[in-house]
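Here we start with a single chain on its own, the form predicted on its own, put down as structure tokens.
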């Protein structure tokens, strides 16, 4: 009997959590879109922070392709081993796993090459060639 009550509560809270999560996802995307409008007005480290924030918001909203786009811009403008680098490795692995599950050899190869380029970037940065 004790477990039944808890189960109902969990189910109810899970349903509420899903509703909240959908709302949060919309808010994350809205915040990312607001930041996109500011990209051209910032430069240097501030621009990199904005690009990384947009990538992070899209990643949290599970908009993987959009997150990859902004992290790739960040890496192209600032070759370093920061947040964009680590998040891109995660995102490329997600895309690679999707390709494997779909048996899409072309995409799998594409994301393996992107991961290899990131690993090369890390070696270059560590050796001072970045």
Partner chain sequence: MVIVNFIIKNILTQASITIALISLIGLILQKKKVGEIISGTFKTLLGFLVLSAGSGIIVQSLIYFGKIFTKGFGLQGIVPSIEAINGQAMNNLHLGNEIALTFLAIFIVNIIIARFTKWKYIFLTGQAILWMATMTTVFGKFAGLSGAPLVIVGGIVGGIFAVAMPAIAQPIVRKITGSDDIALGHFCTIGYIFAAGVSKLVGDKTKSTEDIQLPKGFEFLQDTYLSVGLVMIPLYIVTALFAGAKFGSQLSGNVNYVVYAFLQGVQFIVGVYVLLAGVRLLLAEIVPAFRGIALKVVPDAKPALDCPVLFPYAPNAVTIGFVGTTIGSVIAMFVLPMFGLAMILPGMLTNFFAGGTAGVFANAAGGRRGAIISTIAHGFFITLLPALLVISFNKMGFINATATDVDTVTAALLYAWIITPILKAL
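Keep in mind it's a predicted model, so treat the numbers as computed, not measured. Residue numbers count along the first chain shown, from 1.
Keep in mind that the form predicted together with its partner chain is missing from the display, and what follows is about it.
Just one of 79, 63, 53, 90 comes within 4.5 Å of its partner chain in the model of the complex, counting any heavy atom, and that one is 90. Annotated contact segment (heavy atom within 4.5 Å of its partner chain in the model of the complex): 94-102, selected among 41-49, 94-102, 25-33, 63-71. Proximity of residue 107 to its partner chain in the model of the complex falls outside the 4.5 Å heavy atom cutoff.
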